[in-house]
Ligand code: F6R
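As a starting point, one isolated chain is supplied in structure tokens, in the form predicted on its own.
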Amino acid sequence: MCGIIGIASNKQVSSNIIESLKKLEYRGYDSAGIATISNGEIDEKKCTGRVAALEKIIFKTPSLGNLGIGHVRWATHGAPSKINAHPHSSEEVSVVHNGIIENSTILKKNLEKTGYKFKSQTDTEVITILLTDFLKKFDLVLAINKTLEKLIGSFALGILFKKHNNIIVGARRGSPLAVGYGHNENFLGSDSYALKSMTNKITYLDDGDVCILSNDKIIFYNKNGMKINKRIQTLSSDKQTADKGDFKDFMSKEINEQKFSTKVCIKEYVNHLKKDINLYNFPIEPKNIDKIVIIGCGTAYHACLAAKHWFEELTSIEIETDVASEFRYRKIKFSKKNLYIFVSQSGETADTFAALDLCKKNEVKTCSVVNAVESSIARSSDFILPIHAGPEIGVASTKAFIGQMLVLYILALKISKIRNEIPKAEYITKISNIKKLPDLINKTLKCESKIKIIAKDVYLSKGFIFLGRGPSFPIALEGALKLKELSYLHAEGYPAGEMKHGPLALIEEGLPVVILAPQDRYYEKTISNMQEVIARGAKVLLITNEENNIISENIRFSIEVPKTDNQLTTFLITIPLQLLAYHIASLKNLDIDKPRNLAKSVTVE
């Protein structure tokens, strides 16, 4: 959510800023803007809506200059509007900002008392006015430091100056910010992805860092105001490209890519010749682990819940899961014999990073499961487990969710083996089964034609219920979340056994209820719950295994996924739910890749 780009060059920058902003569109946004230094003045242009609308404005009235900043905004303070869009400029400075300034109301009142007037409802404009005021009294560096000292909250900033018309200033506290190195130009960006088309040489700002960029030099300061040197990293090149290809949108592409992304992930972690899993250098000896705590937000949290079942089945370790935004505020009893695992697609999720930072301060061992190995969460963890999913652009996660579950399942297997808690023959069988997963996903994807028929039957419904037991319950939660995200329909996931404890009151004639009932030890109980909702008029979609001898009477639809290891079945029953959400949203003519109010990378609380 929100995205920053800055370019200091020896040539015109507006077209490259626009192209970089397009690469940040995946983060979710409602307005866009750009500011350049042209003829010694700040030239600001902004609008509501997509970057394409900003591009049309610049085509009619070009933004000139070799120095510029751009922004895509996801509204926090103030409704989406042109006046609330970034950049926020005074006569002296122009600011783009990711994050939230928590004391902006107090700062604004104090500045208004001294005569300053505000144009927007944003917290960001406070930064613009503060800096403008301090520049009247102090030199550039001191004015920046005094401004940052006043701010409480999280921020990543990109700043232009009228009088210092050859530099861009970047600053970070909480929200991520990267610096890129080029030939006769340097770059600032919210993440490395936006900079990849221009450079593969990247440095990441740490909390409290400030940088000053010109086209031929970058100076870094730490939180104590001392000049520092930063390590330059070379970004890896993704084999999979962020291009829709022949697909209508990114989400349909990414759903279909799951057969490939799982194959890449398995190849990275599983040695089929040795029949073993390649995981070494654990931050803590697995035999000494007392408890594993798995932490995430949203879809990543559902992956944590699924993993809890696998760890409990395969090991004797106590397993705890937590929502990152709750974990970071609880009074946690940390232990050096615990392993804390953080799951995040982007590796920049604000609450998850804050929870990780809390663990680091308490000197416990941490591990991250991420898709971006250059991310803040990855760089701050003791141990990194990449999911190797490739670029995921659609806001509603699909292949990254499957990748998170796959890596967590592989980790559970390896820890079980090291602790001698799984028989060797069973371990080898499970590794053999993992190798088959990409083909099983490919077979499961063939249910799409049937899903299209189901979607036409149910897309006008006012709500949905998803039910599952055991490891199918987190998938019920994920199915409900996908439907909410994409179609804006009310949907709830419940443990099937909880129906009689309240949710049964919601069942009425024609209400779609999705039953996840693979043939595991929960199967008969789940089928009994299914009969309860059928008896009350629900329109049931049953998702189960092939060759199940089920009573089909009064079941509206059924989808059968290939028969496999019970633990891998969890992956397969996810696919029809992704397709169901996708096709319902498609029938409603909604923006599938960019659902309203949502962002791909949630970098604020």
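Quick caveat, the model's predicted, so the values are computed rather than measured. Residues carry their position along the shown sequence, with the first being 1.
Form predicted together with the named molecule: not shown, discussed below.
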Contact residue in the model of the complex, chosen from 124, 190, 416, 397 - any heavy atom within 4.5 Å of the named molecule: 397
Proximity to the named molecule in the model of the complex, single hit among 376, 472, 98, 345 (heavy atom within 4.5 Å): 345
Can you tell me which of 298-306, 255-263, 499-507, 359-367 lies within 4.5 Å of the named molecule in the model of the complex, counting heavy atoms only? 298-306
So, a 4.5 angstroms cut-off on heavy atom distances: do all three of 312, 315 and 430 pass it with respect to the named molecule in the model of the complex? no
4.5 angstroms heavy atom contact with the named molecule in the model of the complex for residue 485: yes
Does residue 349 reach the named molecule in the model of the complex if we count a contact as any heavy atom within 4.5 Å? yes
Contact of residue 385 with the named molecule in the model of the complex (heavy atom, 4.5 Å): no
Report yes if any heavy atom of residue 84 sits within 4.5 Å of a heavy atom of the named molecule in the model of the complex; otherwise report no. no
Heavy atom within 4.5 Å of the named molecule in the model of the complex - qualifying residues of 404-429: 404
